[in-house]
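Just one chain follows, in the form predicted on its own, and it is written as structure tokens.
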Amino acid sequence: MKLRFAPSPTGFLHVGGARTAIFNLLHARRHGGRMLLRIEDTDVERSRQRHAEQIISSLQWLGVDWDEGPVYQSDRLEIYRERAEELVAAGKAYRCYCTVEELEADRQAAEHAGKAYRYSGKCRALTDTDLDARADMQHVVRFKVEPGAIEFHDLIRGDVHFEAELIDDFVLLRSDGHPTYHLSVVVDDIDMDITTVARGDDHLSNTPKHILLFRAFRAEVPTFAHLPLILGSDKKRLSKRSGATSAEEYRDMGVLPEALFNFLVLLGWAPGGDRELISCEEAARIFDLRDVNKSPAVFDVEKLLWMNGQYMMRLSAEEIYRRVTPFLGENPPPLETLRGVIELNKSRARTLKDLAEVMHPFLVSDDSLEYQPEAVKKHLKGDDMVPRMRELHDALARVEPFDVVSTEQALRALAESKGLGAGKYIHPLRLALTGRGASPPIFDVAVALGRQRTLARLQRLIDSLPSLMASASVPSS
């Protein structure tokens, strides 16, 4: 068994294409087959080498490890021309000299008559004399479609039936000598021994044309599997309006590749039971294209972010550090400085970018921490604020050992001795240490920062209290 993933380098790797690549890979692995990566870059106007490189990079990041390739169709142009001429010589294709203006006139005439446009086939009947007279004229090569039923069994859709009478004599070779998709894909699938073609169901209408070409070349027709669409949360075709649509965008958001891989695997397929977290290796043991759902799958971004959070929680601090450093700016602190911070915050973030954001208060210098104005206004109240914070500073300075239990006991003992609720100390302490009104458990934060930085930040808040409270227009009592 041999499958192929064959993207066109006209843009980034779309999540739909990424899922197609994954499904090809898993089916090949399940059945002991191989997978080829083929770059279909014969569209000269739209194909770009940088897009091909981005697609390859995204696939590698995602963990899609193909066995052969990448093969570039642009390296095989002469082969397609030769195969087109073979069909012409065999009477299965012909040269068409109709001009763009003639074809457009025929199209408009069909529209005015209320009929569907079809190529008239008038160049089919050209004699050898006619062809000789037109030898120097620009032309395309068209396939000669003969009437009859075209039937095949799709691994996902089941039995499919088309009537050839409804298919135009389609173009194989353009006037500039470049092949159309139909010719290049079939020639390549034959030459590269592809046995199973799994692709999006937007290609379903192309399949009868391809079957006719396989038969014309006297080649075995591969097995087809047409994957259902991916819809956005609005139940419309996934687009920019639905959110990010390329694998690269999710990488830049801080989504882990194994989480995106897992999520895409479940778009139209399930491993059975209620299981939602599954590795590539596990999926490869049980995946089969026959089990893919016929209905469109819905791309739920919230579900992806939840899944990414689950994967992040399972990673070690070392692994998280390796992956989060690109989001921490230049010269991030060493792992040992951040180990406790990572462990404290990794369960609170759904992406690496989120994690970098919640880690920010731990990364900035003590004298550059900024305070959220709304948190200042809410928590810095009362004319006893300065002495209250000085008492907390002194209490924490005496704590031994400086751990979560001891720091919490010291704060609560101070609050009880003053007849105040613990919140009167906890909320200002959170603001002092993080600059925010919300954070991980504040005693964990203090221990992650360490005694010296905790006291330094608390002292900075004490020194700043008069100006902070004045700027927030908070009454003194």
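All of these numbers come straight from a predicted model, not from anything done at the bench. In case it trips you up, residue 1 is the first one in the sequence shown, and so on.
Below, we turn to the form predicted together with the RNA, even though it does not appear here.
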The RNA isn't shown here, but in the predicted complex which of Thr223, Ser246, Ser406, Asn206 has a heavy atom within 4.5 Å of it? Asn206
Contact residue in the predicted complex, from Glu276, Glu151, Glu282, Glu146 (heavy atom within 4.5 Å of the RNA): Glu276
Taking a heavy atom within 4.5 Å as contact, would all three of Gly16, Thr195 and Tyr371 count as contacting the RNA in the predicted complex? no
To test your reading of this chain, name the stretch in 329-337, 315-323, 114-122, 250-258 whose heavy atoms come within 4.5 Å of the RNA in the predicted complex. 114-122
Gly450: touches the RNA in the predicted complex, heavy atom cutoff 4.5 angstroms: no
Can you work out whether Arg46 and the RNA are in contact in the predicted complex, taking contact to mean some heavy atom pair no more than 4.5 Å apart? yes
Is Leu267 close enough to touch the RNA in the predicted complex, meaning at least one heavy atom pair within 4.5 Å? yes
Tell me, yes or no, whether Ala297 is in contact with the RNA in the predicted complex, where a contact means a heavy atom of each within 4.5 Å. yes
Taking the RNA in the predicted complex and a 4.5 Å non-hydrogen atom cutoff, the residues of 84-123 making contact are Cys98, Thr99, Val100, Leu103, Arg107, Ala116, Tyr117
